[in-house]
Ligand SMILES: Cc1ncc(COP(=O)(O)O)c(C=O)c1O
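Just one chain is shown here, as C-alpha cells, and it is the form predicted on its own.
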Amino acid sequence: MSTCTLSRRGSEAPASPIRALGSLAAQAEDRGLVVHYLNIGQPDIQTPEVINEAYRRYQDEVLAYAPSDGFRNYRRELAAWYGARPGIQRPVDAEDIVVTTGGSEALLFALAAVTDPGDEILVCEPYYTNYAGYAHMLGVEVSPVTTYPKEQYAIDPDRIEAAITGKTRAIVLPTPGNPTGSVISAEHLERIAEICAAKDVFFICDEVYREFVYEDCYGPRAPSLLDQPAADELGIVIDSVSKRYSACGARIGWIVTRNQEIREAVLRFGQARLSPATVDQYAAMAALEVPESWFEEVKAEYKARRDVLVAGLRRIGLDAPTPEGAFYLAIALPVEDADTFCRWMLTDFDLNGETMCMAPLAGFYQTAGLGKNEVRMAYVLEQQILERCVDILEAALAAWND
C-alpha cells in the first residue's frame, strides 16, 4: 500500500459552497424531481446570436495556439470597446490587457503577481468564494472586513483602512458584488484607491458584472477602477465575457492594468500555461459587436427578476435586501443551519415534484460562525420560476419548522 499523501495544499483546499450540493441536486433529478438551480450564476438569458455564429463560422484547417497574452487584434478591439462604452472616461491601451482563460484565471494570475506565500489579502465578507480558493492555492492568507445586511452590505473605506496590516499586499473587491449585489460608488473607489496608494497595497477590482446595475445614481454601468488615477500603479481590473453576455462556457477573461510590471508578470504566467483558447477569442471578438440595446433589455429583465424575488421573499415574511447590481441576493433564513436545510431540501423535500438548490452562505465568510443561517440566491431564472421558487421555499420552511 502506498504511503504517499496529498500535499496540505491539496488536502485542505476549500470546497466550493456554490457547487457543493450539485451531486445531491443530480440525485434529486434522478428521483424524478424538478430542481430549480438558484445556487449558481448560470443565466438562462439567450447568448447573443453573433457569438454563436462566430463559433459556427470558424473553419481554420489547423486549430493553432493563440499568443500567450491573447490575439493582438482582440486586445486592440477590447481597448477601443472600453473607450466607446458609457462609464469609462480614461483611455485603455491594448498593452494594458492580458487575455486569460476566463475571469477565474485572471484572478489567479493577478493574485500570484502581487503576493507571496504568507502574505495577506483583504476581502469584504461575504465574498466570492474563489478569492479564498486561489489564496489557498498560493499560500496566501485571507483577512476579512465584515459587511452587514442592515447596511445593504455596503463597503466602508474607513473599515478597510483600519484592517490593513503590515502583511496586507492586496485588497480584492467586486463591484457589483457577488454574493451581495452591492455596488461601490465612484467616490468610494477613489477613496479606497487613495488608501491603497498611501499604504502601498494593490487593489484588485473584480468588475465582471459592471453592466448590471439597477439604481439610476450609478448610470448605465457601475463605476470602474479604470477611471481612478490613484490606481494607475496599483490597480488591476478583472473582467470576463461569461456573465456579461450570458456565455459562461466561453472561457475568456482578461486583466487590465496600467502597471507594466504587473502586466509582464501576468504575461509570464500566461506563457507558462501557453495560450488562452483560440476559438473562444474569435467568439469574444464577435461579442464586442453586441449593441447597447441588448444590455438595456437584459438589465431590465434582471431588474424585474430581482424585484419579483425580493417582493416574494418579503411576502413570506423574510427580510430581503434589495441588491443594487449583479444578479445575486444574500438573505438570512429562519433556520439554525442553512447548509443542513439546503441539503434537506434536495434529499427529503419537494412541493408537487419540485424543489430548489441554493448556496449556503457560511462558505462566503472568512469569520467562523458568520453566515450560518444565510443563503445566496441567484435570480438567473425566468420570473415565473422565481415566483414558484418562493412558494417552494415557503413550504419548505413551514415543513422544516413544523
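The structure presented is a predicted model; accordingly, all values stated were derived computationally and were not measured. So that there is no doubt, residue numbering starts at 1 and follows the sequence shown.
What comes next is about the form predicted in complex with the ligand, which is not displayed.
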Quiz item: For the chain shown here without its partner, which stretch in 262 to 270, 88 to 96, 170 to 178, 136 to 144 has non-hydrogen atoms within 4.5 angstroms of the ligand in the predicted bound form?
Solution: 170 to 178
Practice problem: Indicate whether the candidate residues S104, Y131 and D206 are all in contact with the ligand in the predicted bound form, with contact defined as any heavy atom within 4.5 Å. | Solution: yes
Self-check item: Selected contact from K243, K303, R258, H188, since only one has a non-hydrogen atom within 4.5 angstroms of the ligand in the predicted bound form
Solution: K243
Practice problem: Identify, from the list Y74, Y328, F202, F212, the residue with a heavy atom within 4.5 Å of the ligand in the predicted bound form. | Solution: Y328
Practice problem: Look up in the predicted bound form whether R251 has a non-hydrogen atom within 4.5 angstroms of the ligand, and give yes or no. | Solution: yes
Quiz item: Heavy atom within 4.5 Å of the ligand in the predicted bound form: which residues of 9 to 24 qualify?
Solution: none
